[in-house]
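In structure tokens, one chain follows: the form predicted on its own.
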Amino acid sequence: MEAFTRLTALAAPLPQPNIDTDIILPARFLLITEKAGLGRYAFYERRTNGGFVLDQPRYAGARILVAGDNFGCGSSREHAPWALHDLGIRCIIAPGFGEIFRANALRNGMLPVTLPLAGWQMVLAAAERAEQVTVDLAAQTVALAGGTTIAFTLAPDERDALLGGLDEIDVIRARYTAAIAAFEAGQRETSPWLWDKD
């Protein structure tokens, strides 16, 4: 997984609240099991009608999405963050997230930043002006072009995993390597036949 440390990028506004995972990636595309190329189906219904924010030239290459409250609510499809990541989105800033979507985003190397309403409104205004925004995970800040800095918090284990580019298995290995080694050593002594390859 690609580490997330600091990202300066164009932010695109999508302020509508309660955008669920079926809007992000319609259910008919869940049969696709490859992550690569899944972005073309993200927000499919909205993009086919034309004028969708991520298809507008002024937001070409946006890597930050400023979304409305409760973004990613609905079903627990991991395809939704896969599709967003394939579009190039690395960070989503919102007043709140669907709980499962948030967890899936973190597992796929995307940073979900939860901001209080006043801070979110400032970032949304910057996105509506098509400005670049800097998200610094180490400092846990969002910085706007005018110099305003807004703090956010992330659980230490989530922060460390993103900073290190660690997926769930990597985190388990890092946290429990000594315990796993001790268990295996004990098992080799008490049950050597399990380890005998001959």
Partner chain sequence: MPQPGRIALRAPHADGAGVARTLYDKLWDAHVVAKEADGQALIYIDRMLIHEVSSPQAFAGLAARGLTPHRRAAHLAVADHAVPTRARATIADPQARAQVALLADNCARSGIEYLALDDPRQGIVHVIGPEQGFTLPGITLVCGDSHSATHGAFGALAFGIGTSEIECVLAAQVLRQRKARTMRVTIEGALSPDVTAKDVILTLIGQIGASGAVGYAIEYAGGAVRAMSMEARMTLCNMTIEAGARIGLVAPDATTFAYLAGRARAPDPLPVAQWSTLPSDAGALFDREITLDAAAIAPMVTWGTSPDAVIPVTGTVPAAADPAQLAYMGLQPGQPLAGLAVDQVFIGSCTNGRIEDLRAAARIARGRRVAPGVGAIVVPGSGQVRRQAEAEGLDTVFIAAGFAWREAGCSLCVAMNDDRLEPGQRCASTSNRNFEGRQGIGARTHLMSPAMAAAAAITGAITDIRDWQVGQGANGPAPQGANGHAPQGPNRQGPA
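Numbering follows the first chain given and starts at 1. Fair warning: this is a prediction, and the values are worked out from it, not measured in the lab.
This protein has a second form, the form predicted together with the partner chain, left out of what is shown; the following refers to that one.
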| property | result |
| --- | --- |
| Distance check, residue 86 to the partner chain in the predicted bound form, heavy atom within 4.5 Å | no |
| Residue 56: touches the partner chain in the predicted bound form, heavy atom cutoff 4.5 angstroms | no |
| Any non-hydrogen atom of residue 78 within 4.5 angstroms of the partner chain in the predicted bound form | yes |
| Residue contact check: residue 100 to the partner chain in the predicted bound form, 4.5 Å heavy atom | yes |
| Contact at 2, 116 and 121 by the partner chain in the predicted bound form, all three, heavy atom at most 4.5 Å | no |
| One stretch from 58-66, 132-140, 145-153, 25-33 that, in the predicted bound form, holds residues within 4.5 Å of the partner chain by heavy atom | 25-33 |
| Within 165-184, the residues that have a heavy atom no more than 4.5 Å from the partner chain in the predicted bound form | 167, 168, 169, 170, 171, 172, 173, 175, 176, 179, 180, 183, 184 |
